[in-house]
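Heads up, the chain below is alone and in the form predicted alone; it's given as structure tokens.
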């Protein structure tokens, strides 16, 4: 008999007959998830008693296979390293190599890409089909202190780093959201997010499975498909990144008045809609509320800490703000010397508590530099306004020092987005001998709109302090983004020359 000590898996035994995963091809119960993940674990062990922390990189379709493989890795005593289906071979190779994975698991659809990587690295290669049908064997007990997963940072400011999360970290990250957002077994969440990032893995999938709820998984994000599921289904929760809400809004606006009524009415049935992983423009916040009557719940987190701040489930949610610390999470703002920021002043967010990761994989120097005692230094700058945190941006990329002033790139972006011809904008600081840094803006215009640099600068100076108004502007067709919708600002900087 297999007896896992992993709380997430133990809890599933209370919900055996309930649906755990719903897909376009069928529904799967918690009992099936327990049974199949046991087989996966047995196949991974291949006669060993315990994988003992071996890293297992895996890439599956967005369906029942994903949690079955993930749970199987955990139950065998391995460390799960989820791969991203849209990453090119070079990035997949980097993740497999950097994590030191000794096993690569692939769905047949990805075998052509992953087989040569596994062969070149001389590591064990297994197909999902092999594992899903393996014979059951005795499984090891896995304690809370053992590493469970390595997630790679988004790499918006440098080479991605492997974030090591223990089973205790995962439990803390899950339970704080279960409590704050009042997850219950009657919930059903529509899942459209990537499965190599904490937003899709922990906030959506793991929270649903912890609660005994249903996770309704779509094979990919498609705006029309999501609207159809919202209209036809019975979802109670939805979580997405700002880019997804932007695309859903665009699709709604292109629909007929009759279709719009049906779509809006469908959203009003949900009890909660959440936005995260990137700053939500205030204009998008109000646009979504006008369409659905939903006030999006914004929250703040990172791969290294899970979720740290959240607007309230019950109570006022302020656009542009990310709320207050979640249960069990300690948050503070500090100045450049590490001294607690004075009331009303901005400071770097530091976080402490059981949700905070163990270490960066095989990067002891960077791990040490990331902490100030027990406090993790997020690198994000915020200000506390009327009891709610407002993110000003990344210390390294979104705080621009120009002419002796410190300005927030996010604040400038919010103002520029209010121009009726501006669809998207990214603001960066570019080194300058005279000013220290120049404020530069990359602009995506609304479809068929025209706007000159001179017109935009004049408009900006009427609404922003002179030192905040962009001195350089480029117009682009699209902004460079990673798979979670975050703008990759180092690439934006290159638009303004070396």
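Keep in mind it's a predicted model, so treat the numbers as computed, not measured. Residue numbers count along the first chain shown, from 1.
Not on display, but discussed next: the form predicted in complex with ligand AMP.
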Using 4.5 Å between non-hydrogen atoms, is residue 322 touching ligand AMP in the predicted complex? yes
Should residue 394 be counted as a contact of ligand AMP in the predicted complex, where contact means heavy atoms within 4.5 Å? yes
State yes or no: in the predicted complex, is some non-hydrogen atom of residue 351 no more than 4.5 angstroms from a non-hydrogen atom of ligand AMP? no
Looking at the partner-bound form in the predicted complex, is residue 347 within 4.5 Å of ligand AMP by any heavy atom? no
Have a look at 216, 298, 187, 359 for me and say which one sits with a heavy atom within 4.5 Å of ligand AMP in the predicted complex. 298
Which of 161, 146, 191, 197 has a heavy atom within 4.5 Å of ligand AMP in the predicted complex? 197
One stretch from 110 to 118, 276 to 284, 219 to 227, 423 to 431 that, in the predicted complex, holds residues within 4.5 Å of ligand AMP by heavy atom: 276 to 284
Using a 4.5 Å heavy atom cut-off, are 303, 380 and 486 all in contact with ligand AMP in the predicted complex? yes
